[in-house]
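So this one's two forms of a single chain, laid out as structure tokens and tagged structure 1 and structure 2.
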Structure 1
Amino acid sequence: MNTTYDLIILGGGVAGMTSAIYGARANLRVLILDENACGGLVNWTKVVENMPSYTSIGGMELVERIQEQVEALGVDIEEAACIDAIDFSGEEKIIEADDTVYKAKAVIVATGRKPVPLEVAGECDNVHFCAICDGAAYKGKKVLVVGGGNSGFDEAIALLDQGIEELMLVEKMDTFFAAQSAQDELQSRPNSTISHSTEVTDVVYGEKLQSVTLRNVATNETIEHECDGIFVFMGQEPGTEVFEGQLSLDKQGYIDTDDLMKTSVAGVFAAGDVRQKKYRQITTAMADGTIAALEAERFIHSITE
């Protein structure tokens, strides 16, 4: 098996797959390595309505269509790939995954982000990050949703649709960040309550989860709130530990890049949610992926001419 490529893309989300399309159309030999399934966070998005081309489309369906396009262009894709080591120090970029050594002239890092955990909860069978996966277990029970962004509100509605008896959504900040339509939808449900300026400070277990302690961050008042399960949607953070010492990262672990998606290492580019940036949307991921691939192509030509 030939494991030497022109361009290796780490991460098969929208940014990575867009890069792959541009790379393949530039006649580069391209590989995508993803530790999960291609699609990244878009797989977790029930409905996408902000991307030009579809008024409304399911996240997984959108991913499938992009992946079909990528595969039709001859891009190799390795999903469920465990990345063991990387070495970006030489002219040839080296990535070890699944006991295989891959080499490339250029690399695009598009590994995205992963959910922020609820630190106070620790290990607990009753803390979840996916309403579709785990919501049915709480039919007729009480749940707490943590996070006042779009994910928090959308997943709360999905939980109620699965028969949750009583739902409370809390957000630590003094406002909710979800689309107003999602907020209105949840507030119209009779068995839900929402509170901003509220954080979880403790979790009480017996044989199973019994309650949480909620603190009003404005007044410092605390209350005990009974619940059977907690669903956490507190945003995302980058999983960039593997790049420490290889690439320049900011304090939060995001990869530093310039406007052309160049990292601190020549021949290594970053695109999408993993890079330090202000707006993280499907459309901005596509833009990043486009620029990264075009710059990678220029870089490859510059070292092979």
Structure 2
Amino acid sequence: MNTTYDLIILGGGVAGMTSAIYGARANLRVLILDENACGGLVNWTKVVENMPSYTSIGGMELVERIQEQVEALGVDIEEAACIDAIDFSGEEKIIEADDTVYKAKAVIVATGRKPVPLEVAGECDNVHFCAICDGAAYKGKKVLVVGGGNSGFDEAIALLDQGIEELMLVEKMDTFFAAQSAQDELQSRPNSTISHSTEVTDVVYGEKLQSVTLRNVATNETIEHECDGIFVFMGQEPGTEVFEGQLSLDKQGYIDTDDLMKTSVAGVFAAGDVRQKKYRQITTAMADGTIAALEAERFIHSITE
């Protein structure tokens, strides 16, 4: 198997797949490596309504259409590929994933962000980060939602729409941060309760989840709360541990880039949510991916002419 490419894209989200389209159309030999399935967080989005060309489209459907375009252009895709090591120090960029060594003239890092985990839950199988993906399994059961921002409230409403029998939402801070309309809608549902100033301090499970311990951070009072599943929406963080020591990162772990998506290493670019930026939207991810691919093409031509 030939594992040498012109351009390797780490991450198959919207930014990564947009880069792949531009790279392939520039006649570059392109590979996408993704630790999960292509699409990233868009796969978890129930409805996308601010995407030009679509009045409304499901997140998974949007991803499928983009991936079909990528595959039609001849881009190689390796999903569920665990990146073990990288070496960006030489002229040839080296990536090791699942005991395979890949080489490329240029790399675009588009690994996005991942949900902040609920540390006390450990490896519990009943902890989830996507209501659309995993909510159906809890129809007629009790669930706990952790996180009082827009994601927490929106996903809680989505869970109730899937037939959850009883839902409780908790937020550690002393206020909720979700839009008031979402708060009002959830509070209007008879089978839901919401509590701020409340954190999860323990998770009790044997073969499956049994209950959680909730602590009121203001009064220190604790209660046991029975539930069958936990859905966590406490924000997101960049998955950049593997790039430490290779690329310049900011204090939060985001990759430093300039306006042309160039990182601290020549020939390595970053696009999408993995880099520090103000607006994180599907359309801005596409813009990043476009710029990164065009600059990668320029770089490759500069070292091969």
Partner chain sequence: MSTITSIPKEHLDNFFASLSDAILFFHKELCPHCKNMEKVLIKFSAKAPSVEIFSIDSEIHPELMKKLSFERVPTLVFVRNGEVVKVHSGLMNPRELKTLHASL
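In this text, all values refer to a predicted model and were calculated from it rather than measured experimentally. Residue indices: 1-based, along structure 1. Take the two forms, find the largest set of C-alpha atoms that superpose within 1.5 Å, and that set is the rigid core.
Identity of the form predicted alone, given as 1 or 2: That would be structure 2.
Large Cα shift (2 Å or above) at I223 between structure 1 and structure 2, core-fitted: Indeed, I223 is displaced by 2 Å or more.
Shift of G112 between structure 1 and structure 2 at or above 2 Å (CA, core fit): Not so; G112 is displaced by less than 2 Å.
Superpose on C-alpha atoms and tell me the smaller rigid part's rotation against the larger one between structure 1 and structure 2, in °. In whole degrees, the smaller rigid segment turns 24.
State the core-superposed CA shift for G148 between structure 1 and structure 2, in Å to one decimal. For G148, the alpha-carbon shift amounts to 3.9 Å.
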